[in-house]
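Next up: just one chain, as structure tokens, the form predicted on its own.
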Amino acid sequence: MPRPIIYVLLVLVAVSLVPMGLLYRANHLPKNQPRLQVVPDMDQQFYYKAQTENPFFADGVTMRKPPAGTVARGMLAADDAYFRGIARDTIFVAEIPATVTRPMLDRGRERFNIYCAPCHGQSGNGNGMVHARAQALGEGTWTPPTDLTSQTVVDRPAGHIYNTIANGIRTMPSYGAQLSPEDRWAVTAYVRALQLSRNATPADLPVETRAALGQ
């Protein structure tokens, strides 16, 4: 092949690389404008902002309400016994619908001391610091907290205590926003532990412990 033709071909090959070099440069150099995209796909698609008018819908509203009955993924909460403390209709479950473990009681004690103890006291008998302060002020508008170790509360089903935590009762506010269902049951379990500790009898102790006490 004649040498001039070879030179021409080399020049043509070099020139053909120029567009690719320009594309590479456009995609990798910092700039204030969007980079050149050969295949944009959906990277730079048009979209409506949330509160702007949208002619696509009959009402012209961009933000759409979810269909009735829509439930977020993982938030079905279909188990009434666990998520609402109800066995059927409005009857509370008698026992905690979960296995009570030591970590669960430890978690319940932690949450109890944060959210419940200020009024009910760490022992649960209603002598918390908020109650003591209210008594000292003597303004006559304070409702004393319930003694959680009283027989009245002991006789309540576990679902009743759970419901009280979730929705409040009388002047006590709801703690549903602060405590997840898991934490509500943990606090319920800890309240039961406080009740047992305050109302225990020697018959509740293991045989070997009773024998040691007898000595």
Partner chain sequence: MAPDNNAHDQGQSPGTGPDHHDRFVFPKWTNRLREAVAVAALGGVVYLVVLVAGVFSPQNSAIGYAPEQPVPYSHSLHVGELGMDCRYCHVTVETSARANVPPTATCMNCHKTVRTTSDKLAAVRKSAETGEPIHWTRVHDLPDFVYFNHAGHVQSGVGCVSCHGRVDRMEVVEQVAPLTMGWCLECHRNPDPNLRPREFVTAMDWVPEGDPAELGARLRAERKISPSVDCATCHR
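Take the two forms, superpose them, and find the largest set of C-alpha atoms that agree within 1.5 Å; that set is the rigid core. What you see is a predicted model, and the numbers here were worked out from it, not measured in a lab. Positions refer to the first chain, counted from 1.
One more form of this protein should be noted, the form predicted in complex with its partner chain, which is absent from this view; the next part is about it.
Out of the listed residues 94, 114, 98, 86, 114 is the one that sits within 4.5 Å of its partner chain in the predicted complex by at least one heavy atom. Its partner chain in the predicted complex comes within 4.5 Å of a heavy atom belonging to residue 39.
In the predicted complex, its partner chain stays beyond 4.5 Å of every heavy atom belonging to residue 211. Proximity of residue 4 to its partner chain in the predicted complex: non-hydrogen atoms within 4.5 Å are absent; the residue sits far from the partner. Taking the partner from the other structure, its partner chain in the predicted complex has a heavy atom within 4.5 Å of a heavy atom of residue 110. The stretch from 185-193, 66-74, 153-161, 169-177 that comes within 4.5 Å of its partner chain in the predicted complex, counting heavy atoms only, is 169-177. Shown without its partner, the chain has 114, 115, 118, 129, 130, 133, 134 in segment 114-135 as residues with a non-hydrogen atom within 4.5 angstroms of its partner chain in the predicted complex. Once both forms are fitted on their rigid core, the CA atom of residue 180 lies less than 2 Å apart between this form and the one not shown.
A displacement of less than 2 angstroms separates the C-alpha positions of residue 196 between this form and the one not shown, with the rigid core held in common.
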